[in-house]
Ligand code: HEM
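Shown here is one chain on its own, the form predicted alone, set out as structure tokens.
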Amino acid sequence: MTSTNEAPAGAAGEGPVEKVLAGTGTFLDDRLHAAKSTRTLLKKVFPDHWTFLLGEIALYSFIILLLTGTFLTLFFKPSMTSLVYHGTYSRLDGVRMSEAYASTLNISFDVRGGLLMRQIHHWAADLFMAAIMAHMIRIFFTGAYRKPRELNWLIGITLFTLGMLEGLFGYSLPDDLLSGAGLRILEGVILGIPIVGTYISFFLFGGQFPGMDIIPRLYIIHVLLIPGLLLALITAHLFLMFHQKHTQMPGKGRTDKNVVGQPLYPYFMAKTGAFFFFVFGVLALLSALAQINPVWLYGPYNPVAMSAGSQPDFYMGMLEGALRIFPNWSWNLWGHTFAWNVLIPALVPLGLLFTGAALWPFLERWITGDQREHHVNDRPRNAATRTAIGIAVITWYGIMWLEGANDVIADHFQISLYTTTEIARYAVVIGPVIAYILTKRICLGLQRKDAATLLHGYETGIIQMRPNGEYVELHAPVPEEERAVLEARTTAPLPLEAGSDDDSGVPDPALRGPVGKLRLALNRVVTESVPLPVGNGHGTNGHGNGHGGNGHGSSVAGEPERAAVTSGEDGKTLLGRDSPEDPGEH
């Protein structure tokens, strides 16, 4: 007997999983009306470039930090109460220590998987900071901070600052000799603040250093306050990125009006999900094989003890180096000591770094007068001054970072500790200047190479003898994809001119006076570049004469006519054509 009942459209072949998903989706949409927004979200296009993974590494490291940190809070005791240790680690048996340090030893040796979790947490913290630094460097070099993304750039700087504080407070919690020395340096920096430093120190430590309150207070800040701020800022960062759309690298068909890439579902979700497990796997493998922060070797903190070769985690190395490199300057005035040798290196270098980074997008926009929105990134070589400034700052930062381990360097290379310090004092000034000059020359040289490639095409290595007996090398045209990348520099801001502002001949008042002249001078420096050939390769496609008009720009196919570049009477470069019979001698 045949049934006359027909199944509803789309119901045939549905399994139990599909029915559950459909029912759940209907339930949520009836109450939240989220179907339309979800479809829009799933169609969101993401560009594909390996440097975009740096931000994802930072995000995934933060997630792993939250997971492993939650595990550690179940066993860590943030107490400065003194006790005598009688645990598994026999070398410290009978040693008096704080309860915080004893619980750290307990996590490392008695809690199943505790040491692995500690190490994953510490490696993830280092990877989080390293990824943020690399991500911000990529954003700076490519100009991804420009309008409309200035707010996201400021959020990134705040995230990096909070990450430094979170790391400092985190590795201070075990109350071992290394972390205690870091807290002692922090106390010295706070005391270096004139007049109010003593009061701030007493408020933070609850009395004389180290006191009984510092570890519980750092614990609350480390596990509650700063993670909450980080989570809120990361959420805002991602929301703005979704709303403003992701930047993309220059290429064929990529403009400030579109986004070329793959949709969120399924391509990006599958890729980013796999990448999360890859990051987690690398951290787990690294934590299982590479030891980090073995607090049992340092022993409990003792205010009168100190050891050589003690350095903080890498992201605090710059501050450590600045303190070691600065001369011993101090004043005693009116009963107050002004410890410039502590105050200046502790506050000024980081203050200059963060303030300069925060102001740069607005300063660059003022200098260039560029008010456009930018969704296509720059190639670093095409912004020579910006790239040179970035490398100079990295050099300046790196010298102070190295100086943070000057005792290790002196011991390893068998040189005087004072010699390393003296070298660093000169290098921190001279090094960035040399780095700036060299980087800018390299960028301009690469621009010349790109211009020559657009004009001449590629050298093929094929030698051809011409009718007049001359040997020339044939050139191949530039592929369209690469030509689009090379021509992306045409969107760069034009230099400002001090002449008339409009057709009436009225000068621009913004470019007059001392401030206007300063802006013009800075503009000439910031916009310095090598001009692209006339026509940007559109008319020649790599077949142009790049050898003084002798026709050396022939293509591989040996076209009967070759584009030539000649010099007009007004001195401007003009595009012309030369016949096969005319070799185009100089």
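Start at 1 with the first residue shown and count on from there. None of the values given here were measured: they were computed from a predicted structure.
A second form of this protein, the form predicted in complex with ligand HEM, is not displayed here; the remarks below concern that form.
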property	result
Stretch in contact, per heavy atom within 4.5 angstroms of ligand HEM in the predicted bound form, of 187-195, 464-472, 275-283, 173-181	173-181
Selected contact from 439, 293, 142, 201, since only one has a non-hydrogen atom within 4.5 angstroms of ligand HEM in the predicted bound form	293
Sole residue of 214, 383, 125, 102 within 4.5 Å of ligand HEM in the predicted bound form, by heavy atom	125
4.5 Å heavy atom contact, residue 121 to ligand HEM in the predicted bound form	yes
Any non-hydrogen atom of residue 227 within 4.5 angstroms of ligand HEM in the predicted bound form	yes
Residue 222 within 4.5 Å of ligand HEM in the predicted bound form, heavy atoms	yes
Residue 62: touches ligand HEM in the predicted bound form, heavy atom cutoff 4.5 angstroms	yes
Residues from 53-88 in contact with ligand HEM (non-hydrogen atom within 4.5 Å) in the predicted bound form	62, 65, 66, 69, 70, 72, 73, 76
